[in-house]
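A single chain, nothing else alongside it, follows as structure tokens in the form predicted on its own.
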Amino acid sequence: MDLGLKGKIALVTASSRGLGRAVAEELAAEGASLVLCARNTASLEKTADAIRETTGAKIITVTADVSDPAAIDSVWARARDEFGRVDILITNAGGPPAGPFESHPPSAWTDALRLNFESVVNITRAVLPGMKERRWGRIINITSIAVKQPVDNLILSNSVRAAVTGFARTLANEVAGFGVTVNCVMPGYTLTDRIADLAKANADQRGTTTDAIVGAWESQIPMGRLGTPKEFAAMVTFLASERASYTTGASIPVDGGWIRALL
């Protein structure tokens, strides 16, 4: 299947590792050029070099913390100067700390909002006018299964990623007439560093082992295993494609069946 991504320009935030890197790899394999950003320069450059070697994609990198609006401006400026546009925006950021409500001071809520909500709004604000003008665009937000079925010990993520979902669903209707789609993809328990960190946090809180925590998660998943970043990236890449032109305003799980809701 030709996804129609050859020659498209994709901006992927937090793309040096984990889900962001997997999405960048899949988009490059389909012929897209990439703008990659992350906070760690060495890790970002290593990822970019690896993707160039395997796909031949044209890639520019920008070291940036997306919770800083000035850094987002820098990412957009580099993309505009190098490619002249962004056709596909993938918003992604590491999740906020785990823990129950009373463990988080007010500053933790502010930090979570900046990292996981305001960053989405700010980077969307930068790229959307060009998408509307060209009457083609894809905005895909990486959220979490927690927006459909809250996850214990993740009150910050449960709350803030739900806000992203509300933003995306509303924006989808506003820009549909311009050929711009806006969707969210909800990763379930997936083999990333973030999941390893969450397993440790939960194990410490409950006085057990990380293996026991992972085993409990796997027992809740009908497929009986954690997902892989590549499996998640395949869904994102499809939504970024020409083939997904009539899908907008959706939140799609990639979770092995973990979410029990009908809708």
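Residue numbers here begin at 1 and follow the sequence given. Being a predicted model, the structure only gives us computed values, none of them experimental.
As for the form predicted in complex with a small molecule, it is not shown, yet the points below apply to it.
* Partner proximity in the predicted complex: E102 to the small molecule, non-hydrogen atom cutoff 4.5 Å -> Flag for E102 set to no.
* **Non-hydrogen atom contact R194 with the small molecule in the predicted complex at 4.5 angstroms** => The answer is yes: R194 has a heavy atom within 4.5 Å of the small molecule.
* Indicate whether P253 is a 4.5 Å heavy atom neighbour of the small molecule in the predicted complex. => No, P253 stays farther than 4.5 Å from the small molecule in the predicted complex.
* N92: heavy atom within 4.5 Å of the small molecule in the predicted complex? -> Yes - in the predicted complex, heavy atoms of N92 and the small molecule come within 4.5 Å of each other.
* **Contact residue in the predicted complex, from L115, A98, A172, L128 (heavy atom within 4.5 Å of the small molecule)** => Flagged contact: L115.
* Check each of V66, V35, A32, A233 and return the one that places a heavy atom within 4.5 angstroms of the small molecule in the predicted complex. => If I apply the 4.5 Å criterion carefully, the residue I get is V66.
* To do: Sort through 182-190, 162-170, 133-141, 102-110 and report the only stretch with a non-hydrogen atom within 4.5 Å of the small molecule in the predicted complex.
  => Of the options given, it is 182-190.
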